[in-house]
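Presented below, as structure tokens, is a lone chain in the form predicted on its own.
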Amino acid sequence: MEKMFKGKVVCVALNDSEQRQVMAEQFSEPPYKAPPTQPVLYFKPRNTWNNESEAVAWPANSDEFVVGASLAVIIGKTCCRVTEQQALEYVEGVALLHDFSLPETSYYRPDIKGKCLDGSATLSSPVTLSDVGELSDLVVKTTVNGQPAQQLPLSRLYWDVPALLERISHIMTLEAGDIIAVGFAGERIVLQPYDKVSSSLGQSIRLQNTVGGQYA
């Protein structure tokens, strides 16, 4: 399968069941007042798209930079108001996505400044669903400079892939080439200049990026 961004990139926040448990008390307080009842979404627009071969630039005027890794589901045909039972019929392939961003201080409003940095989204080479097997058996694993940093078993997702595709396709029409980053481990990984970030999913999907130096 061809490796490239083709459409919109929709990312799902707060889809780690453990993170939701940790934040349960916080959700009862302002500004939330209640836990989210639908997926919490944000976009990585076209200016964020980057390649594995290019260093991810450290954001100007910032001392902090973080990354999260997610299974990326690639839509193969127009997907609108589908059911969970139909959902996987619309998936062309899967990959890994790295979301480099500023640290999140709140999930109440989309963080456009923190999430829309130039060149802050990278995608691995995609494979077909049949190449990876049962998604719920897989674990997204991330290392920094060769040291284990984070992992997210896909069985820990609050909404699994079919449930997400049903809900998102009732919000917006998904087109061929659109990408859904289905969920990140609760705490993003804090980075330093020149770190090497590597993620894996099963035996067939790998993604590696190098972080650039800080601006003077």
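Position 1 is the first residue in the sequence shown; the rest follow in order. Computed from a predicted model, the values in this text were never measured in an experiment.
Beyond what is shown, the protein has a form predicted together with a further copy of the same chain; the following relates to that form.
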| property | result |
| --- | --- |
| All of R20, V144 and P162 within 4.5 Å of a further copy of the same chain in the predicted complex, heavy atom check | no |
| Candidate stretches 67-75, 117-125, 136-144, 92-100 - the one whose heavy atoms come within 4.5 Å of a further copy of the same chain in the predicted complex | 117-125 |
| Any non-hydrogen atom of A60 within 4.5 angstroms of a further copy of the same chain in the predicted complex | yes |
| In the predicted complex, T83 touching a further copy of the same chain (heavy atom, 4.5 Å) | no |
| Close approach of P31 to a further copy of the same chain in the predicted complex, 4.5 Å, heavy atom | yes |
| Contact of A55 with a further copy of the same chain in the predicted complex (heavy atom, 4.5 Å) | no |
| Contacts with a further copy of the same chain in the predicted complex - residues in 169-189 whose heavy atoms fall within 4.5 Å | I171, M172, T173 |
